[in-house]
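Just one chain is shown here, as structure tokens, and it is the form predicted alone.
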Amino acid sequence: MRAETIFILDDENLIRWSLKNKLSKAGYETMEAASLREAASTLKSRDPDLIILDQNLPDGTGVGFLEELRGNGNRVPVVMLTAVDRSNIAVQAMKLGAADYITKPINFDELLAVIEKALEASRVVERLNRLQQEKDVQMEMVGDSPAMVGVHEFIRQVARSKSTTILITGESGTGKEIVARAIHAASDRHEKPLMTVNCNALTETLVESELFGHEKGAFTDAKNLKKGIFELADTGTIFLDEIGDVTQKMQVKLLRVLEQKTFQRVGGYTDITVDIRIIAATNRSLEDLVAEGKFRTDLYYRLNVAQIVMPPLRERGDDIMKISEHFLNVFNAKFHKSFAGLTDDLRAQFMTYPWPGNVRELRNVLERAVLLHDGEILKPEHVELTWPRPDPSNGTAVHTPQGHDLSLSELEKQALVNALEKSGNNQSQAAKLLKITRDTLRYRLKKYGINNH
């Protein structure tokens, strides 16, 4: 278990030195600063578990700093240090959310008890938040189509296994991150950190420092030691999203971590050993990237110990409506609306629409519809769907007589007929031409009364 970090913000060198020594002996890691300016710089690179905050600082007050922290949404526990005759400061600090206060001169045993009480309260809140996140994950894993039954079974099997590398592939918007969160929540590591890294959002110059941390003085702006994501996630899980976008240089370093479970901070010479599970995800074909020489073969095989392919929404049948009902309830609550469901016409559109953006697109469509409209039921005119243009090359294009506008249902019906004619009435081939599942094709044929036997 990692040692918790306490940040000492006090302008008196002797107090900082004394607290640092005693807290280190008590098993805590420490950070320190003598001014608000120095503190702001330090907090940019590292998050402490608790702050010991003096009121009188050379460039401001502790209460002012606490107010700024809370205003920025930072809920880190804070223990204020006050003079005996400044009880009004303690009252202000408590109103701003300080965990407690200690009067000077400091009684270290008293301070230690206050610190442990504040950290335990913080741990309780963290556990409650984690339970809520696990509940949210379960709610988002909506669906019992055959494809999703396989996903649920994969999560159940791999979560409790000893496998430390998992690969999730699938189109954008299919819910790869949700599956990663579900695996973590169902694993023995669920009380440990889950750190998410979007690989294509990190620049070449930042990625190494972000992942592995850096030593103080490693480069110009490295004024303090910084732990990287791999070190902070020790005994937990790291989710590497868009792993296919990682540079060749970082692929080498990732491979070493996966194989040896060790790394060095930037500017450091000491190997740091970690126990982590890596869940990687991509919407690109790693096999193709390997063939093109853009992704290391050894890293691919090291990641691909256990792989799950997320099904696109268009292949999940009735899950589309179950997910729609889930999101409708979510956005009704969020926007204080009362939509009871979808009209039959809109349900039919949702079942036949190819959903190129998958679950993410469905969520966005429903969020916009509920936000912008009122009523008891969602109608086709409430939603915006970007229907793909028919592809003339596969014989499914619909040609309309000049000056004659066909309705959406007429266009759909003609596309179905064209696809069946092109495929010789083979439903599987017709579904491929239309880029839909066979179940969706059958639903459409039944909807329009088309008999292809």
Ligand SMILES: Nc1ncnc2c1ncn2[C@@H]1O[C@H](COP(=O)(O)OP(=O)(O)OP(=O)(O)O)[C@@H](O)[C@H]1O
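In this text, residue numbers run from 1 along the sequence as written. Quick caveat: nothing in here was measured; it's all calculated off a predicted structure.
The following text describes the form predicted in complex with the named molecule, which does not appear among the structures shown.
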Worksheet item: Exactly one of 164, 247, 283, 304 has a non-hydrogen atom within 4.5 Å of the named molecule in the predicted bound form; which residue is it?
Response: 283
Worksheet item: Looking at 253, 368, 261, 360, which has any heavy atom no more than 4.5 Å from the named molecule in the predicted bound form?
Response: 360
Worksheet, complete the sentence: Which of 360-368, 68-76, 106-114, 225-233 lies within 4.5 Å of the named molecule in the predicted bound form, heavy atoms considered? The stretch 360-368
Worksheet item: Should the three residues 38, 62 and 94 be counted as contacting the named molecule in the predicted bound form, with contact defined as a heavy atom within 4.5 Å for each?
Response: no
Discussion item. Although the partner isn't part of this model, could you tell me whether residue 208 comes within 4.5 Å of the named molecule in the predicted bound form, counting any heavy atom of the residue?
Written reply: no
Worksheet item: in the predicted bound form, does residue 177 have a heavy atom within 4.5 Å of the named molecule?
Response: yes
Worksheet item: With the cut-off set at 4.5 Å between non-hydrogen atoms, does residue 354 touch the named molecule in the predicted bound form?
Response: no
Fill in: Non-hydrogen atom contact residue 199 with the named molecule in the predicted bound form at 4.5 angstroms
no
Response to the item:
Contacts from 305-322 to the named molecule in the predicted bound form (any heavy atom within 4.5 Å), listed N to C, are 316
